Structures are given as structure tokens and as C-alpha cells.
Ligand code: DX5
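This document opens with one chain alone, in C-alpha cells, the form predicted on its own.
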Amino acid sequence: MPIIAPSMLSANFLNLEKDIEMVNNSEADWFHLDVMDGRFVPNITFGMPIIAAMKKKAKKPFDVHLMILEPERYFEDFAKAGADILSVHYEVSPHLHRNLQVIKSLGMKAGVAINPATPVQFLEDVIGDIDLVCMMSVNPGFGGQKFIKQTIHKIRTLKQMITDSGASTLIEIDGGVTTDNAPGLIMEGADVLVAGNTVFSSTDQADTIKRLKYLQK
């Protein structure tokens, strides 16, 4: 059974408390929070103050995905704001192993996000230190994009790498996840499904989360 992490980037920011309560009361497992700086990706979202405010109402773990340059400058701030899982991009982390160790030392689980064009093989030497690989199945920066089909091959390759190394790393798919492709993603080895537009644009958001959770189209 997959972990479902609704992406709050697609929530209604004029009534964020209502959407937080919906996730709290749904079959969702985590909140997925996308932090963008307008430099690494062409968009700006929210930062520590918003996350800290959301934490006061949320009852489920915060899966925070940093799409920012120099993420190591802010690890402690995000820990204080309430992040339970903190993912940094491979593409901006020349000292990735060090970053993973610092994140864990602050009491969070450590994730690594990879862009669609980044081979999963680049993670081979640190896979045992990664709690979560956030595999981007769209180009990062905006919600509502279509799923990139090459992701399926990458899931298979990463799953084999995790199995061969004896690691317990979770595979998270972020971007273009729908009730139609979710069953296939889980079958290939995905553990966590991030769904933003699919959930928040639906007329019955809680039911959509339930269908993703139990793989009912």
C-alpha cells in the first residue's frame, strides 16, 4: 500500500487551513511541501514561516522538498519549522554525503531529489545513507505538468540498486501522478506518491486520495 503525500503547492492558499484539515482527515500519510527559490527553478513558493504556521494545524509528517541553491544554509531552520523529511537536489549538492549526515543529525530523515535527466546511478555510492529518493517525473518548478514516461525505467533501475545494496530507501514519485498511472508506478517499485493537481483539482479530494491509496481508478 503506497504512502500518499498530497502536494500543498496545489492547495488553496486563500483557505489553507481548510485544505490542511482535509489532508488531516483523509487517507493521506504525509504533507508534501515544495520550497522553491526562483534560482534553481523558475518559481518562488514559500519558506520557513509558512511551514511553521502549517505545522500548528497539521497532524501528519511534513515531507519537505527543497528546490533551492545552497540548501545546506537552511537545514537547521527547516528542522525548527517542522520538517520531518528533508530532501535536497543532487544537482545542487557537491557535498551530498555531508548534507545527508547533517540533515540526520538535526533529527530529520534525509532525502535526495533528482531531476528527470539525472541518472539514478549517480546515487549508487550513497544509497545506503538516503532515506528517500524523490524522483522528479516532471521538470521541477511548476505543478500540473504531464508525467515523463522515461521515469518508469528509472524506477526499475533504482529499485534494483536499492535491493542489491540491502538499503531501505523509499522511492517517491513527484510529478504528474494520477489515479490512472498510480497502479503502474507502485507495480514498478514506487513507495510514495506525491499528488498535487490530481488531488486538489478534484471535486472530492478525500475520495481521490483514497483511490490513490488503494489503487482504485
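What you see is a predicted model, and the numbers here were worked out from it, not measured in a lab. Numbering starts at 1 and follows the sequence shown.
As for the form predicted in complex with D-xylitol-5-phosphate, it is not shown, yet the points below apply to it.
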Among the candidate stretches 46-54, 188-196, 158-166, 23-31, which one is within 4.5 Å of D-xylitol-5-phosphate in the predicted bound form when only heavy atoms are counted?
188-196
Between the options Val120, Met136, Ala110, Ala81, which residue brings a heavy atom to within 4.5 Å of D-xylitol-5-phosphate in the predicted bound form?
Met136
State yes or no: in the predicted bound form, is some non-hydrogen atom of Ser93 no more than 4.5 angstroms from a non-hydrogen atom of D-xylitol-5-phosphate?
no
Look up in the predicted bound form whether Leu9 has a non-hydrogen atom within 4.5 angstroms of D-xylitol-5-phosphate, and give yes or no.
yes
Ala182 near D-xylitol-5-phosphate in the predicted bound form, any heavy atom under 4.5 Å?
no
Using the partner position in the predicted bound form, report whether Ile68 sits within 4.5 Å of D-xylitol-5-phosphate, counting heavy atoms only.
no
